[in-house]
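One chain follows as structure tokens, the form predicted alone.
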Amino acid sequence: MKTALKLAYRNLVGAGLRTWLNVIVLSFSFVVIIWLKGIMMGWDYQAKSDMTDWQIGGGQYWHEQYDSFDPFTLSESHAVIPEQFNKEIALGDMVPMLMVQGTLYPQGRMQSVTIKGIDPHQNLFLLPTHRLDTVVDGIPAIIGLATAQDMQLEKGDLVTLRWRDANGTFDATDIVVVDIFSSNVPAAEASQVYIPLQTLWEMSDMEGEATLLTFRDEDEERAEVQGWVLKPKEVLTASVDKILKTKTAGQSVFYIILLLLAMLAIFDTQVLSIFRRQKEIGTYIALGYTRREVVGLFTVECAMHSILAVLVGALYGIPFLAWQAKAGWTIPMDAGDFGIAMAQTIYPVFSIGLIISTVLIVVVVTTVVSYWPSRKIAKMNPTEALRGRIQ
């Protein structure tokens, strides 16, 4: 085996430019595949992290009537907070949120919004709810940047808010925008108005009630509660998983094209090598090499392209991928337009498992492609091979 490796290495070096062209193509495939997969892993990590910080925490309890895709369910999706959660709420490890359908009237226009009552002193979310303690001439409210842009609102603006209470009676008051926050989670911003929970209880005649109960610890075992539906974190982030699965499937086509181009070069090189080196093959057999050993020699020789490609790819790939992990990849459009949790700049994540799996896949595929044309050697007649003829 040691002799085969030495011969394979000498033959590769002796092939000159042809070897390095194949190595460069393979190394490019290595780096691009790892980079694209790193982008997907980075998006997955950032999206779930942002959703945890801004929207879902470690998981939630939903009122059984609540449907996040149907705002008309808000009139029925509220109930008294179960007593068993009082201690957790007092410690700040659970945040109740009451949601009521409302209407804003910015500059005389009418815009439907969801009014969310939340504890100003909570620290589970990154929402600047501490600003809800501001004393203003009206009800203090915070809104997302997306809502502010859509409704042309600015910090300090006074705007009329209308809602319907638990008895179905319409009422209205003025709110003051005390802060505008920006996040990477459109669902936490779009058409959302946050006001103090106690204030919303008084406005809606729903004292002590909530629509959502968000808890901090995702690993704690949770019991089912009558009237409430437990939504673990993996359920709440399932939409991100589905999108990533779809995107990964689409990227797989690109991976296959890259690999096919690289493997075509390897295949052609191997076929040409066998055709041009018939006398060498005959000499090996005449010297006592078995046909299997000669096939193995040529397979190893061609498969070594992938090993050299790993080394060459590391020379320019490691600095490039390290720079990408630090600087990130900025999407050339507003990520919020997609309506999903996506940062404007995605920072790729390159795990050891990702790198090793990519290297193994390319090495295995290269070896298989190298062996395919090498099988013809086993059918050669040593005498004809020495004459430079192939049967």
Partner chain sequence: MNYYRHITVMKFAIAIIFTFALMPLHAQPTADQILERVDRNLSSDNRVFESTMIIHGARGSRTLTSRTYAVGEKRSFTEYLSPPREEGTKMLKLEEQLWIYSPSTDRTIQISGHMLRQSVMGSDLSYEDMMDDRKLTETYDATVIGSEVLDERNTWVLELTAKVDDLAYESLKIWVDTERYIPLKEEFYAKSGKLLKRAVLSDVVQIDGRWFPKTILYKDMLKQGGDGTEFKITDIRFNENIPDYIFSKAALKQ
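Model, not experiment: these values are computed from the prediction. Positions refer to the first chain, counted from 1.
This protein has a second form, the form predicted together with the partner chain, left out of what is shown; the following refers to that one.
Among the residues N123, Q198, T134, T169, the one placing a heavy atom within 4.5 Å of the partner chain in the predicted complex is T169. A residue is said to contact a partner when one of its heavy atoms sits within 4.5 Å of a partner heavy atom; D165 meets this definition for the partner chain in the predicted complex. Taking non-hydrogen atoms only, N86 never approaches the partner chain to within 4.5 angstroms in the predicted complex.
Contact annotation for M203: at least one heavy atom lies within 4.5 Å of the partner chain in the predicted complex. The partner chain is not drawn, but in the predicted complex it has no heavy atom within 4.5 Å of E220. Heavy atoms within 4.5 Å of the partner chain in the predicted complex belong, among the stretches 124-132, 89-97, 102-110, 306-314, to residues of 102-110. Residue F72 is the only one in 46-80 with at least one heavy atom within 4.5 Å of the partner chain in the predicted complex.
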